[in-house]
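Heads up, the chain below is alone and in the form predicted on its own; it's given as structure tokens.
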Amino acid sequence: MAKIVAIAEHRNGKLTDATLELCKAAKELAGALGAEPAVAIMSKDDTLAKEVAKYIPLVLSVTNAALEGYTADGYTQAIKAVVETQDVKGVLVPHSYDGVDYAAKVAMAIGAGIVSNCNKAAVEGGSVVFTRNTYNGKIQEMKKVNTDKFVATFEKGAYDMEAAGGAGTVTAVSADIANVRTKSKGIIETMAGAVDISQAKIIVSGGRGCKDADKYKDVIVSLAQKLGGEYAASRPVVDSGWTDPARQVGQSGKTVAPDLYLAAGISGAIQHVAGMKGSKCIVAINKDPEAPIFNIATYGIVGDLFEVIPAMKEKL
């Protein structure tokens, strides 16, 4: 039976949320196509393969010492081996830094068409039609490939995360990994001890309206801590040096999709919106009633953030 294969992503020995989202995507697409959903995972051993098997019926595990750390060459060769040994119709890839790095290489290696930055996929007349963002989310376009196989990258938050249930089967896939042209000399943590904001469930984000670094810390950071979430920022805040670049949300920063995104003093430029529009609930605080952020907000508060947020903290 043909398979829809999602590629697992993992960091520091843990599966990312994107992996669980693609488990859901693989199941939905496979069901509509009469195919079998599966996940392929690349690692030095099968420990994580057993973990992802809680979310999907079939796990294709490629183990090789060369796959201990991520490289585009290693992942491309491993995924090609999966496609060549299995009847694979489609490959689903997280639209992350790593995913964007290897997805097109995989498409060329297996002779497949590719659609990137997707936020939805549906089956129409036996073909998969992908919906993707363009012009920083101003336009949604629909595309499909003209090849037998497809590769698609999906934005974070495009699908809900699959819940664990049952125990899937782990099948080993052999792959010769050679000619890896890059070597990882080490990983530098930009925020030692802090979580990756792309994985956060609650984010409080501040913009230029915070006025200065001290006010940003007093208002945004303190509210995030009180909510048990992470703090983030728009590009002007990062450019001003008020917080670390790793906390920037937007086209040139991180893409996030938390359960709650609270945007304070952020006007809603399309570059910022491109990085957070997938959030489940968006609360916007801005003095300007015409601020573009209100166009996508679930709840909008027209007011001074230096009055609204202290009132929130008092209630909390």
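Heads up: residue numbers just count along the shown sequence, starting at 1. Only a predicted model underlies this, so the values are computations on that prediction, with no experimental measurement involved.
If you look for the form predicted together with a small molecule, you will not find it shown, but the lines that follow are about it.
Listed stretches are 35 to 43, 22 to 30, 61 to 69, 247 to 255; the contact stretch with the small molecule in the model of the complex is 247 to 255, by a heavy atom cutoff of 4.5 Å.
With the partner omitted here, the residue from Gln77, Thr153, Ser234, Ser198 that has a non-hydrogen atom within 4.5 angstroms of the small molecule in the model of the complex is Ser234.
Looking at Lys217, you'd find every heavy atom of it more than 4.5 angstroms from the small molecule in the model of the complex. Though the partner is left out of this view, Arg208 does reach within 4.5 Å of the small molecule in the model of the complex, counting heavy atoms only. Looking at Asp288, you'd find a heavy atom of it within 4.5 angstroms of the small molecule in the model of the complex. For Ala53, no non-hydrogen atom is located within 4.5 Å of the small molecule in the model of the complex, even though that partner is not displayed.
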